[in-house]
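Just one chain is shown here, as structure tokens, and it is the form predicted on its own.
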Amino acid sequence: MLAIGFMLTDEQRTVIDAVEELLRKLKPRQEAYFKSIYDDQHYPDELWEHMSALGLFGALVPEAYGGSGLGLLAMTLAMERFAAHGLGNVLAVLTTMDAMAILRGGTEAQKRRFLPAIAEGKLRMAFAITEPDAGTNSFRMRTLARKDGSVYRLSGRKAWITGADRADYVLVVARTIPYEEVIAQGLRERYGMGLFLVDTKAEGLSMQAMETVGIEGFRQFFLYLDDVEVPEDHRIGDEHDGAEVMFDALNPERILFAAKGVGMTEYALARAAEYAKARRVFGDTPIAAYQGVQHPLARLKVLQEAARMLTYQAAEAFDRGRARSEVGLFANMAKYLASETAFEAIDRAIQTHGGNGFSKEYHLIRMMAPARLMKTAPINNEMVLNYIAERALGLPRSY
């Protein structure tokens, strides 16, 4: 781990040290964790409890609501270190982004109700925006929230919802005004969207596991909402302007996914270097001495450090309260570079291992799908490049 050009505070370095000390103690359990994550598709509850004990879920929660208020960069550092040990936790990312939505858009009563429990690690949160027929273009979603007195009734279908079976609540994005009506009235596409905290045990909510791979230790689900009753005090933000709150939460999500990519790259490069130094094929010279092995790994180390700097810069900009557009530009750049580098690093580590790269014993082949997924989710890298082209280069919108 380099990053020597980025001046971290003493508190932030303490976070790194605390996570590393924990992971060193848990090293004898790593193989058991990998078995649970990759064979059983179950992220160990024990790891969630350890993260809670370190206070990581309170990093973005102010002290007034039971958190530490250390900020997004502190959480970014922690998520990077977990991923660097092969233990990335996607539900932790989703819980953090949902906490940010509550913090930015919730009422005082909502903050006092939900944030302390999140900070203690007692509440796990999923996020539901994607639909089978409204993927990248979420504005066209059809899930509808109808006001009925003091409650909303949600009906519709969501897809690719990660960890819904392990979450206590799902932050559901739903149309409060149908898309067609919004367009007919000449309103912004994002208008008429609301955010709703839905209890995963709510009547009328059902879920069906999808046969997907790519999320370490968690499954993805179809969610079916059949007239699900949601109290009005579970709506986060304005009734028709929930998208504004949602965008405040999406930047942290992309930054934390970037941190995961940086950590995954570190894991891959460390395993590749370790193996290359021990592996001998022709005489007593380790394959690590061959430039054909060295140079690709060295190049990826350069890219990893660049991705790390972008990720830290994005997180710090968020913590400093910089404009959402500025944070968004760095968040998207970080997500792009970190995900591209992580995928290439896993691929190169497999190549370095030769045939052993395809053995489950070395775990690398099982990390290929999660690494590849980061190029597609939470937003695909083609859309990220569109965003960067428009915001950084002033090029015309291409979609």
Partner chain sequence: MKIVVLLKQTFDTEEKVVVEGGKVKEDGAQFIINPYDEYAVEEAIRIKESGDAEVVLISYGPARAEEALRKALAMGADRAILIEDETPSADEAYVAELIARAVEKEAPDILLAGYFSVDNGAGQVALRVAERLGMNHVGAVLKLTLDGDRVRAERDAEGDIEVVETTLPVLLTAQQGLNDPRYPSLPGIMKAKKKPLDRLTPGELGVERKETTQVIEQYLPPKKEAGKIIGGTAEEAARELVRLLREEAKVV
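Numbering follows the first chain given and starts at 1. Please read all numbers here as calculations on a predicted model, not as lab measurements.
What comes next is about the form predicted together with the partner chain, which is not displayed.
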Quiz prompt | All of Glu21, Arg24 and Leu54 with a heavy atom within 4.5 Å of the partner chain in the predicted bound form | solution = yes
Self-check item: Leu70, Leu373, Leu337, Ile350 - the one with a heavy atom within 4.5 Å of the partner chain in the predicted bound form
Solution: Leu70
Exercise. Select, from the options 34 to 42, 338 to 346, 55 to 63, 351 to 359, the stretch whose residues sit within 4.5 angstroms of the partner chain in the predicted bound form by heavy atom distance.
Key: 55 to 63
Quiz item: in the predicted bound form, does Glu390 have a heavy atom within 4.5 Å of the partner chain?
Solution: no
Practice problem: Determine whether any heavy atom of His363 comes within 4.5 Å of a heavy atom of the partner chain in the predicted bound form, and answer yes or no. | Solution: no
Exercise. May I ask you to check whether Glu11 falls inside a 4.5 Å heavy atom distance of the partner chain in the predicted bound form?
Key: yes
Quiz item: Are there residues in 199 to 220 with a heavy atom within 4.5 Å of the partner chain in the predicted bound form, and which are they, in order?
Solution: none
